[in-house]
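Quick setup: one chain, the form predicted alone, written in structure tokens, and binding and motion questions come after.
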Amino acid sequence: MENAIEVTGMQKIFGSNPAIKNVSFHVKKGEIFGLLGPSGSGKTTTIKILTGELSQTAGKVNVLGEDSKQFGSTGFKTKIGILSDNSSLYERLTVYDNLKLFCKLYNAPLKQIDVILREVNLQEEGAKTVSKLSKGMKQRVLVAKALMHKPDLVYLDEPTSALDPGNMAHIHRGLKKLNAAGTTIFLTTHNMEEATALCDRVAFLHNGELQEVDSPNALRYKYSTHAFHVETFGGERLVIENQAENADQIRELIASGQVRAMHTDNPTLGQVFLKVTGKGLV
């Protein structure tokens, strides 16, 4: 099986309102795949269908070799991990006891708790009661919970939304390590730097429709004008089209020692999304 997820012609209609419109894509086994889109674009609905919380109105959905009709089985659920807006913890229990309950539920070894706490930078907090944790720390416990049983595929819906840059970087290292060991990661995020750093490919979802699917760098290159942006020591900012007839101008600027900085146009992933959809990722 080359693909962890295969979606063909997927639709979801609530009453008379289409939330997902004839969407098709695949996620390769072992890759980190990002689903990006503004609020209300259909990301959460897509994840709920892929995890069996909702059923599609039309189309075919296959995850880890299982048809969507099998998503409710115990065997299927043990192969996936989920961090979503429905994920929760037992506030009166300690961090360790929360993860211990989850280990028992999924037959994961208790020694895995210490391993995963290190991955989310909470190795010193296991004895703390969850109710006394900050929002960011609770988010890291939820990430740990989703990864505890070493799933073949993990869905992470905004996993670092409440984290500071240091802990975000720590989670990123843990996710890359998990992925290198073979786990496929399906990620949604509003953080375009995060998507660029982590994802092998991303999909832009807007109004229930896929607009683009490719690697972050390929999309940035596709929507680049390739113009040269030049800043001189005199404070002048120039935009020079990448054309043969402009070679002498660029050569003269360099030869005369005027160039303080120069780079080709290379839009961020967020800027690409704005170009494609006309709407920001909020």
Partner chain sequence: MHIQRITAIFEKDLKDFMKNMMLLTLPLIPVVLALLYTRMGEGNEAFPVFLLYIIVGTTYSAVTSSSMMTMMAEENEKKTLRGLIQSPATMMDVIIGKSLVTGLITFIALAVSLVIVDIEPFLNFRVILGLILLFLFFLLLGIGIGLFTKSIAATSVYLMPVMFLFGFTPMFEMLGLNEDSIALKVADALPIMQAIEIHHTTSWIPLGIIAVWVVGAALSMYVCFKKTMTDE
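Numbering follows the first chain given and starts at 1. Being a predicted model, the structure only gives us computed values, none of them experimental.
As for the form predicted together with the partner chain, it is not shown, yet the points below apply to it.
- Exactly one listed residue, out of 104, 135, 177, 132, brings a non-hydrogen atom to within 4.5 Å of the partner chain in the model of the complex: 104.
- Taking 152, 114, 209, 97 one by one, only a single residue has any non-hydrogen atom within 4.5 Å of the partner chain in the model of the complex, and it is 97.
- When contacts are defined as a non-hydrogen atom within 4.5 Å, none of 190, 215 and 266 contacts the partner chain in the model of the complex.
- Proximity of residue 220 to the partner chain in the model of the complex: non-hydrogen atoms within 4.5 Å are absent; the residue sits far from the partner.
- The partner chain in the model of the complex comes within 4.5 Å of no heavy atom belonging to residue 31.
- A residue is said to contact a partner when one of its heavy atoms sits within 4.5 Å of a partner heavy atom; residue 55 meets this definition for the partner chain in the model of the complex.
- Contact annotation for residue 89: at least one heavy atom lies within 4.5 Å of the partner chain in the model of the complex.
- Note that among 192-200, 157-165, 117-125, 80-88, the stretch whose heavy atoms approach the partner chain to within 4.5 Å in the model of the complex is 80-88.
- Contacts between stretch 2-24 and the partner chain, counted in the model of the complex as any heavy atom lying within 4.5 Å, involve 12 alone.
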